[in-house]
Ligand code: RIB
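As structure tokens, one chain now follows by itself in the form predicted on its own.
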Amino acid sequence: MNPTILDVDTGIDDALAIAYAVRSPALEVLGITTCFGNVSAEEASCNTLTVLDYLESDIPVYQGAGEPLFRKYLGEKAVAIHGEDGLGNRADRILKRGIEKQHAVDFMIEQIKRRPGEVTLVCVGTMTNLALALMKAPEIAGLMKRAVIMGGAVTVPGNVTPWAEANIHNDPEAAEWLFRSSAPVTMVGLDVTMQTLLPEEELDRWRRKNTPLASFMADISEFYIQCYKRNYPGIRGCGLHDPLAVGAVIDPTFVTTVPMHVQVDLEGSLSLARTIGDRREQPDRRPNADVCLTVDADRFLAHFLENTV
């Protein structure tokens, strides 16, 4: 099994990613770390514990960054996309346990050093926790197996501005710190995640299972799909952004990657947080990331559906 730390800002697609990772026999989820993004770090921790309760899992949860590295945190949540509570307004379960006392950043560093060359970090929120870990212990860049991030858009438009994807936009300096760190990075961005849609008709199949987990996942996904219908008229599903990052660890052949030098725009007034990949035949700098540009969407979706609910 692949020792993995899942770093989340638990909204709806994070919840789907958590379920996919926890139920996968290919992954050993060492712990789940949380940060701000779709919701506050505190809400992300509670939402993560809620999802794990439905999964009947005792995987530990470690809370991390509550604000960006350098920018002022405005406290804006993705209410229209994920609901007031981040889980489609379904986070009403009474929690049976709390978060761990250890900070998420220290947990990351501890686990990477304990198992050098083995631990994969799957970051599906901001890169803030991982950037803080690299600041505190720069040596872990050469000790982690890989960082697989859901973030960015090299060949397609952004989803919060014409250029920027949400996870990068929430803390662009953290993402740039990661790209500059020499850590091995796989970037699973909107280039591929928008090709992976959870079909609306699958929700009825989940509900027919008549289990608490399946009903919960169907309810939160329905909220997410309604948002997609408003934003993308004619669409019949929702993007499996965060689950695809997990899928790229479970089976790397779901995606094809291109080595590329990636930088994050930290100054542009219109293009702030844009992920710029040098796609020239003779780039000026060596690649610092493997960028996913194509995905076997049908095969990934089939595996996700078979192994999540």
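Keep in mind the model is a prediction, meaning the values are calculated, not measured. Throughout, we count residues from 1 along the sequence that is shown.
Another form, the form predicted in complex with this ligand, is not on view; read the next lines as being about it.
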item: Listed residue (198, 91, 148, 166) with a non-hydrogen atom within 4.5 angstroms of this ligand in the predicted bound form; value: 166
item: Answer option from 215, 159, 111, 186, heavy atom within 4.5 Å of this ligand in the predicted bound form; value: 159
item: Contact flag, residue 38 vs this ligand in the predicted bound form, heavy atom cut 4.5 Å; value: yes
item: Contact test in the predicted bound form: residue 124 vs this ligand, heavy atoms, 4.5 Å; value: yes
item: In the predicted bound form, residue 274 touching this ligand (heavy atom, 4.5 Å); value: no
item: One stretch from 111 to 119, 176 to 184, 235 to 243, 139 to 147 that, in the predicted bound form, holds residues within 4.5 Å of this ligand by heavy atom; value: 235 to 243
item: Those residues of 1 to 32 which, in the predicted bound form, come within 4.5 Å of this ligand by heavy atom; value: 9, 13, 14
